[in-house]
Structures are given as C-alpha cells and as structure tokens.
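Next comes just one chain, in structure tokens: the form predicted alone.
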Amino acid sequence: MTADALIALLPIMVVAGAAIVVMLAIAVRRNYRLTVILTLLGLVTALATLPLAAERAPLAATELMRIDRYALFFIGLVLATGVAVTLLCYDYFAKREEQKEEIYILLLTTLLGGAVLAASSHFASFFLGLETLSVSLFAMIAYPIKERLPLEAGIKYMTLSGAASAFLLFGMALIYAEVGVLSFAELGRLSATADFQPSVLIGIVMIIVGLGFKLSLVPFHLWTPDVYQGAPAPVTALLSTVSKSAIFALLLRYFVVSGSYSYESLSAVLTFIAVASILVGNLLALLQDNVKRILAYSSIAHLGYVVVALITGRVLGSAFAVEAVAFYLVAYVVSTLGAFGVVAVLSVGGDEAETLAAYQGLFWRNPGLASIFTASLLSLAGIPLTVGFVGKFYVFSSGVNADLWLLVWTVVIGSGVGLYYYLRIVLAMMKSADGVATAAVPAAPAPLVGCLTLTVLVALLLWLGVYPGAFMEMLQSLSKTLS
C-alpha cells in the first residue's frame, strides 16, 4: 500500500473512521446532538478529501478498488446525500422514544458500503460493499422497534435481500468457473479474445436478477411499496437514493469494463426490464392513495428510465451512457430527497404523513413546504426548468440517437402517465379537507434544520434545471475516465 493509494482511499477511510468515532462517543456518553455533529463532521471531512483523492486518480488503490474521477463523483454523490439525510434525521428522531444515537452509526456504514460500491472493480469488493450497505439498511428500516410496520418492512427487506444475494453469488460463481478471474478488467480482456460458454451469460443474467431486486426493477419490485411505506421517512429517502445510485454506478462500471455490452441477448433482457419497470411503476402508482407508496412506484419507473440510458451505451458508446446515467441519477437523487424530505418534516413529532388526506390544504397551512414539495414532484415528472426535465431529455435523446424506438415511446408514455399522479398530489395540497380551497391561514411551525435542508435541495433542483451547462461539461470529461 503506497502513500498515493492511501490518499486516494481517504474519502472511504474517513467515513469508516467516522463510524468508529461515533460508536465510541455513544459508548462513553449518550448525547443526541453531539452524535449528529460528529456524523456531519465526518461526512464533511470525507467530502473535503475528494480533491486530494482526485489528484492521485486514476489509480488502482488495491486489487479490489479503482479510484478514478468516475468513482469519486459517485462517492461524492453518496456522501452529499448522507449529509442531507443526516439533517432530515435530526428533527425526525429527536422526539422519538427509542434510543436515537445508533441510527447514525448505521447511516455511516450504509454510506461506507455505497462508497465501496462506487469504487469497486472486482467481484469481492462488489459483494462486500453491497452487503455492508444492505445489512445496515435492514436495521435502519426496522429501527422503531415498537412499531409494527417498520418491523414488517425490515423483515421483508432482509428476507428478499438474502435471496437476491444468493443469485448474485451464484452468478459470480458461474462466471468464475468459466473464466477463472474476478476482476472486471481481466474479465474484459478475456472476453475480447475468447468465446465464452453460455454459463457466463447465465451468470451475468443472475447478477442482473440480484441487482434488479436492489434497484426495485420489475419483476423484482414487489417488496418496494411495503418497505418504503413501513420505513421511517428519512430512511426511505436514504434507501431510495444512496442504494440506487451506488448500485447503478457499480453496474455501469461492470458493463463498460467487463465487456458485457458485447452480449446482444443481454440487451433484450434489459429492454424487457426497462419497459416493464416504466409501465408497471407508473400504472400502479395511479392506484395508490398513500404518498410513500406513490413515490415507491415512481422510483421503480425512474430506475427504468436509467436502464434505458444504460442500454444506449451499447450503440452510442460508453461515454454517452456514463453522461446520461450520471445526470439522471443526480436529478433523481435531488428530486427524491426533496419529496421524501417534506414527508419527513411533516412527520416530526407524530405519525407518518403518508396519506393524501394529510396533504390536503398544505398550500394554505404551510405554503413554503407545499412549494418545495411541488417543485420536487414537478422535477420527478420532468417539467421544464427543473433538473428532472434535463435528466429525462438526456434519456430521450439517447434513445432517439440509438434508434431504440420501443424504449423512446415507452419513456414518452410513462412520463405522460406519471404527470397525472404527481399533479394529483399537488391538487390535494391546494384543497382543504372538504375539497374547497380556503383562505390562507397561519403556517404550522416546521423544524428549522429540515426546512433549511429542503431549501438548499430545491435551489439545487432549480439551478441545475435552468443552468445545467457547467455540470454537463463536467460529466462529459468524467465519462472519459471510466476504466
């Protein structure tokens, strides 16, 4: 291990160290505010080390992880998301009866798993990062142990995640049995010079099945609405953003580096998954009256859009796929954090604000939160002047340029259907409980930390929607570094 390798790994090492520091601090003296401060200090310090790591990139820090600008970008996205979720957790758990401090240890280990996934270039680190992330999420989902729904959601996620891990390991075993290597780069070099047996393709499909569960893709999506509804709102925000972005970063690196784009039949499998996820996610969202379940089915559809961008890489080249996937994931993360953040803020000190009835008249009770929620929903719908519109435009244009017209029309139809259920929530916020708009009344008090976090998110959502040029240029340079 060289000094350069240690510096390149600093963001990951700082997050791991922060988890240890927080654990020791809790063991010495329980102090909720101190725990939150230590968590934020750890995450901000890890973010501050990203430029130092970038100076050493690209670098194979170990045989298992490659630190390049692609990895550092997604590590930064994971850590920034962690900061936002930490701030949303602060008010949400402050008045809860259970011991609150341990949730931040689990949050840090979840982010650690996501960071490892973003830098993984080997099946071993792939699996270790995924399990670190998943096992931490089990406990976070079921953290309010005195409540039935979180426990039920935690058990469902744990059971099905175990089955998904079995598929992953079986797929890796089939590939290793045929090829004899676990490194993505070695697999890519061998695939360029040799014809593999069908067992390799079967192994890749089994890996996609395992990751399909983690990404909530159809037909592996059935757990998603129940778990999203049962988990505490800030944990749902973490589950729907960090796990999805980190796993997709790993999947894209695997496809590009290992040569999996060369399998034509694999594109057919991914096309089916993308079409099914977009249509099923959007259509089932129409039937829901629970906001968390609506957003759960929405996330299924959005990950289908990302799969479309992944597929186009086979035709347009990996650079365009990286650019489209990275931008869409950023748009999805910012918009989803804003949406679930409003749910978390409205759930402080009481029951989860998850039914449509809980949002009726919100524009008159708290116009600030209602405006933030509306902006987040419109971004998820892909309305112009939001980052969601630019992300969806990336996916649409990539499908057109690749002549994948089935996927293009599926994106168009799915976006049209999605607009209906997003506007349904917006209209509910404009009506009072009896369905008639009322005169403005004094806003209900809302937690300061959560509201400031949401304000930053919505400002970012609008800024990237109106002035995306600088960010696009950065992604164009980023797309050339994946290896």
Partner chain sequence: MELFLFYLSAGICAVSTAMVITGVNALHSLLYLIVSLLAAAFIFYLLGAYFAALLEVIIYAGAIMVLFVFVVMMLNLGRQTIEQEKSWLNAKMWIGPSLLAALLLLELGYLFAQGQGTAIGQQVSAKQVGIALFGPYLLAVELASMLLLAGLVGAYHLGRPLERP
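Owing to the predicted nature of the structure, the values given are computational and were not obtained by experimental measurement. Numbering follows the first chain given and starts at 1.
Beyond what is shown, the protein has a form predicted in complex with the partner chain; the following relates to that form.
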property	result
Among the candidates 191, 132, 371, 355, the residue which, in the model of the complex, approaches the partner chain to within 4.5 Å (heavy atoms)	132
The unique member of 378, 296, 142, 411 whose heavy atoms fall within 4.5 Å of the partner chain in the model of the complex	142
Check all three, 9, 19 and 106, heavy atom within 4.5 Å of the partner chain in the model of the complex	yes
Contact of residue 112 with the partner chain in the model of the complex (heavy atom, 4.5 Å)	yes
Heavy atom of residue 61 within 4.5 Å of the partner chain in the model of the complex	yes
Contact flag, residue 186 vs the partner chain in the model of the complex, heavy atom cut 4.5 Å	no
Non-hydrogen atom contact residue 342 with the partner chain in the model of the complex at 4.5 angstroms	no
One stretch from 264 to 272, 114 to 122, 80 to 88, 394 to 402 that, in the model of the complex, holds residues within 4.5 Å of the partner chain by heavy atom	114 to 122
Within 162 to 187, the residues that have a heavy atom no more than 4.5 Å from the partner chain in the model of the complex	182
